[in-house]
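Presented below, as C-alpha cells, is a lone chain in the form predicted alone.
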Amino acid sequence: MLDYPARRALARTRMQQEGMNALLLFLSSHLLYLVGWSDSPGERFLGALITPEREAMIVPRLYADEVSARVGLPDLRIWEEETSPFELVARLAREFGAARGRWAVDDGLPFHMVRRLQGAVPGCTLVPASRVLAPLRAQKEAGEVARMREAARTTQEAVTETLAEVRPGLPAREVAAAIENRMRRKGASAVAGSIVAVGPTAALPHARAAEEPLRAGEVLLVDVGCRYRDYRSDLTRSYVLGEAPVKVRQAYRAVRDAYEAARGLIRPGMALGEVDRAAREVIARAGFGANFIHRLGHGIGLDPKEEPYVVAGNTDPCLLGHTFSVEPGVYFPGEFGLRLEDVVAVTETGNEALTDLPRDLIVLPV
C-alpha cells in the first residue's frame, strides 16, 4: 500500500528546505506520485496546489466526479468552462497565504499555461517542481519496488515466450507486437516503445521495430518494457540467429564484463559516475571504447526515464531505494549493435536485478 499523505508530508519538508511557498502540479507523474491519480494532459488545467499548510485539487467541471471518487484530497475546487483556472489558482494562493515567493511548478506544464500562471500570480518566481520531487521519487519505497518487480517479471516472461518462437524471415515488427500483446495479456496496463532491431539497424541505439526480417547470422536486439500498476520495467537482451560471428562474440564479451563490473560497484554511497566509469573502462580495454556512445543507465519508476542518471561526472551517490538501468552497449554503424540491460534496485548490501533472464549472448535456432 502506497501512503500518499505521507508523501505529501515529505514534499512539504522538501519545499521548506528549498524555500518554496507552493507546489503546483499538472496532469503528470508528479501528480500521480503525490495523490495516486493522473491522466493524459489535455487543453484544460487540472492539478493540485500544495502549500506548507493547505492543499487542494483544481479541477474542470467535467472531471469533478472522477477526481472526487479517485483522489483523497477533500478540498476540491471546481472551475467552469467560461472561467479561467488560473484566476482560481490566484484566489487559492491568496487564501492559502502563498501569493508571493517561490513556486515549484510541474515540469510538464505547457508553456502557454505557464504564461497564464505568471500573469495570474505575478508576485511569484516559478521553478521546476522536480527540484522538490525528483529526490523523493528517486528513492523508492518497498511497495514501489514490488510493483517494478512485477512489471519486470511480466516483461521477462513475454520476451522469453516470444523469442522461443522466432525464426528467420519473421518481420521485426511482428516480434515486437507479439511481445507487447503478451505483456498486455499478463496485466500490463501500457507498453513502452519497443526496440526490436536486426543487423545494421541494431547499431542505432533507439531504433524502432520495422518490417525488416530476421536473418540468419545476424544480431537481433530486443529492448522492451511495460507499465504495471503505474510502475515501469525496462529490459534488453542481444540475440544471434544461428552461429555468432567472431566480432560479435568478442564485442558481447566486453559488454557482459562491463555489466558485471558496474553491478559489482553498486551499493549505497558509491558515486553514480564511478559506476559508469567502471563499465566504460572495461569496454575501452577491450578496444571498443569509441563504440560505447551513451550513459550507462537512467532512473526508472513512474516514468521510463527519471533520476538518478548513471553518467560520467555525476558525483551523486547511489542511495538505498534507487532504481536504475545498467545497460552497457556497443554499436558498429552498418554492422550491428549489442546491449545488455537490467533494472537494479539499490539495497543495504549492494543491489538486486529485477530481472534474471540469462545474460549470455543468446543463440536462437535457425
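Predicted model only: the values in this text are computed from it and were never measured. Numbers for residues come from their place in the sequence shown, where the first is 1.
The form predicted together with another copy of the chain is left out here; the points below concern that form.
K.L.:
Counting only heavy atoms and a 4.5 Å cutoff, which of 244 to 252, 111 to 119, 83 to 91, 266 to 274 contacts another copy of the chain in the model of the complex?
P.N.:
Contact-bearing stretch, as computed: 111 to 119.
K.L.:
Since the partner isn't included here, can you check whether another copy of the chain sits close to all of E43, D106 and P205 in the model of the complex (heavy atom within 4.5 Å for each)?
P.N.:
Yes, the whole candidate spot contacts another copy of the chain.
K.L.:
Evaluate R149 for contact with another copy of the chain in the model of the complex, applying a 4.5 angstroms cut-off between non-hydrogen atoms, and reply yes or no.
P.N.:
Judged by the heavy-atom cut-off of 4.5 Å, R149 is well away from another copy of the chain in the model of the complex.
K.L.:
Although the partner isn't part of this model, could you tell me whether E53 comes within 4.5 Å of another copy of the chain in the model of the complex, counting any heavy atom of the residue?
P.N.:
Contact with another copy of the chain, no.
K.L.:
Quick check on R237: any heavy atom within 4.5 Å of another copy of the chain in the model of the complex?
P.N.:
Outside the cut-off, so no.
K.L.:
Is R182 part of the interface with another copy of the chain in the model of the complex - any heavy atom within 4.5 Å?
P.N.:
R182: no contact with another copy of the chain in the model of the complex.
K.L.:
Among the candidate residues A286, V127, L163, I78, which is the single one with a non-hydrogen atom no more than 4.5 Å from another copy of the chain in the model of the complex?
P.N.:
The residue in contact is V127.
K.L.:
Could you pull out the residues of 37 to 74 that have any heavy atom within 4.5 Å of another copy of the chain in the model of the complex?
P.N.:
D39, E43, R44, L62, Y63, D65, E66, in sequence order.
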